[in-house]
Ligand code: BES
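In the form predicted alone, a lone chain appears below as structure tokens.
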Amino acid sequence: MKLRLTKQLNKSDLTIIPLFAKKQPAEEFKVLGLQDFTGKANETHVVYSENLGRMMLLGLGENKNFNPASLRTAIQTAVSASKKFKTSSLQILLRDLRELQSPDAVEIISFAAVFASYSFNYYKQEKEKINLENIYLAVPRITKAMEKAIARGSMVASAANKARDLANHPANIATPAHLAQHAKLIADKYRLKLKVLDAKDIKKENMGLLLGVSRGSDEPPKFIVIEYLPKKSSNQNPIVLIGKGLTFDSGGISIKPAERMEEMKYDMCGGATVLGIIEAAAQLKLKTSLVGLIPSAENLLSGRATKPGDILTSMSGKTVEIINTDAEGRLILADAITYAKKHYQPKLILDYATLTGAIIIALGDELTGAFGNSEKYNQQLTKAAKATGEKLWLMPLPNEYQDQLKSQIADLKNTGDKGLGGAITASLFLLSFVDKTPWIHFDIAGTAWTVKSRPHMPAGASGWGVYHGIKFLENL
């Protein structure tokens, strides 16, 4: 699929005309049926004209409420709705609204258009056919900044869609070995350095927490290391991205309820996000050195599985009493954090994990919880969130809650008190291994996937964090 800027209106299968509430389209597009259209946010209304054929009026809501998030949602809604017409080409009319002509607006429109064209059909005998080949953005004049923006938006969206693909595959396909193979494809394509540690290598690194989580499965664990190190920044300490790669989480001995357990194939969405960011960074030739670490395993039951009450020894040497085997994500992340500190001395660690159900209770399914130990990055976090429409909320890390993790027989427990700030105590557990290294933890349990389709987003993986992560890294 190709995105192009154009000054001329094309005879496309569909023309999308974004409009603010209570605003009329340009005189040349006035058509019968306009009285049925109010322009409220994400409203779509299809009409026909002699010169352009099928047209879709797209509501942007009131101008005063317009922002990148509302623009992204509106464009995704319109492009998603266009699929039922089986269009091979569409154009989005930007020339009549100045708010849509800035490079930033062009970038997010490009991202939204490619993102919304996504479909996951691998396992259906009758596959949904995607006919869309060309998208034109009609603007009054074309600038180099706009050309860069349309390329950037489409590249990042493509990387996010690949992350969605990776996460949407079922757990019998998307095993730790499958994640490693996907990382190899990225490394080979962009000439990146890749190292995949198997069980023996993991044992040599003394990652007792990762090994403990994987013990109940016949599927061997993998620890994926992928490096993006541009020559100009090769002397810099890298930023390390850590992604939780639990390809299926039954809860282990502390087994989850059967209802909706099938969704636990998405417990590796953090790992998919990290690979998406690395791929997008390589495409965009980002100047920042990045290292992606993905501890990957299955958390299942067997006679070998770790039990509640067991004590595991982490790579750092700290011992952990296992209270609940379903609190496994923090365990594998803790070993990854120690590995990052030992081998890379990172200037910043970002970790992405579907870590706790507690964050969904706190923030719902629209906001990612962000926890960090360095105030200087908070402003950049919120700036990137506003620019990309990927929403987050800065969460606290009160020292008082650390007492919940004290164990009588080990250095730490892997859970705090039931029902009391579970997302916070999980983050404090990670902080125990981070120490003073600058670090930000994204709990994406509520935002990594959606169960029900929405007008702007089908059910399944959302790719949350790929766009935000790239924007955050660029803003540093």
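Start at 1 and count along the sequence shown; that's the residue number. Bear in mind the structure is a predicted one, so any value in this text is a computation, not a measurement.
Below: the form predicted together with this ligand, not depicted.
Using a 4.5 angstroms threshold between heavy atoms, Glu279 stays clear of this ligand in the predicted complex. Looking at Asp326, you'd find a heavy atom of it within 4.5 angstroms of this ligand in the predicted complex. Though the partner is left out of this view, Leu355 does reach within 4.5 Å of this ligand in the predicted complex, counting heavy atoms only. Although the partner is absent here, Ile360 lies within 4.5 Å of this ligand in the predicted complex, judged by heavy atoms. Contact check for Asp351, Gln380 and His468: none of the three has a heavy atom within 4.5 Å of this ligand in the predicted complex.
Out of the listed residues Phe111, Tyr228, Phe223, Tyr266, Tyr266 is the one that sits within 4.5 Å of this ligand in the predicted complex by at least one heavy atom. Across the options 244 to 252, 76 to 84, 148 to 156, 92 to 100, residues that bring heavy atoms within 4.5 Å of this ligand in the predicted complex belong to 244 to 252.
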